[in-house]
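This document starts with one chain, in the form predicted on its own, laid out as structure tokens.
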């Protein structure tokens, strides 16, 4: 492989290499989860981290590699797919990057973080500009093994952390597809009021929390007209509903058009092959963005916020 031909690189989420590759142009090599392209950086929502400006460097020693990296910037993350020991020794000669799990809510804003790998014993590939400020796009949290009724809460932790925004005391939120209550639990932790909608009940530990209410119904029957008739605004609409992406899109566009909700975070779930056409329609909604979160599986997360997602 001609290292000079690499113009961008993409780190796929675990198990989603083929999904990422199908949406990229100019793929010239795939090494484990790292995909190299001969094309400039592409705006794909299926990458856990995008290396936007990779540069190849000839190195004659471990110290030489570390020197070249420090000359580019201070903070580096290693993605190793070969020559693991040599790559690790290079990393050990660089300033240590703190990667302790975050406590939610976190005000931590990680500094820019570059990524590097070894193409062979004497060729370093490094990108000082990456799409994620977290090592290999992995956002870890101090986990609560007592309060939330399922692990879905970590997905919302991550979404709100990347958004650098969260519900506040006095906010009114809707949690569609909320059972058993992991997202409602997070919203309650933020101090906001939340109405959870689902055909299945919330866990009693969540249903009994002050400020949490529940309606047993099809989430898609909840329409903006109910709140417009009350003269009531919605500060946040969250949705983690198991449904076809097109159905979610048709419902959410009614809410967007109504203009009574300030912020949206919704999971786009797939059964098998992703519905790329509907993902493109979500991406086309003004002032919104679609991302694959570290805590997503075969799904994406759609954001539409008053402030852009970092």
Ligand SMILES: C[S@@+](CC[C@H](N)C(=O)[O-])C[C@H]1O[C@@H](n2cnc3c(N)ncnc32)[C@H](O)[C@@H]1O
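Residue numbers count along the first chain shown, from 1. Keep in mind that this is a model prediction, so the values were computed, not measured.
We do not show the form predicted in complex with the named molecule, though everything after this point is about it.
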{"query": "Three-residue site 150, 198 and 241 fully in contact with the named molecule in the predicted complex at 4.5 Å by heavy atom", "finding": "yes"}
{"query": "Candidate from 172, 227, 220, 104 lying within 4.5 Å of the named molecule in the predicted complex - any heavy atom", "finding": "220"}
{"query": "Heavy atom of residue 135 within 4.5 Å of the named molecule in the predicted complex", "finding": "no"}
{"query": "4.5 angstroms heavy atom contact with the named molecule in the predicted complex for residue 179", "finding": "yes"}
{"query": "The named molecule contact in the predicted complex: residue 52, any heavy atom under 4.5 Å", "finding": "no"}
{"query": "Exercise: residue 33 in contact with the named molecule in the predicted complex, heavy atom 4.5 Å", "finding": "no"}
{"query": "Option from 91-99, 71-79, 158-166, 233-241 whose residues, in the predicted complex, bring a heavy atom within 4.5 Å of the named molecule", "finding": "233-241"}
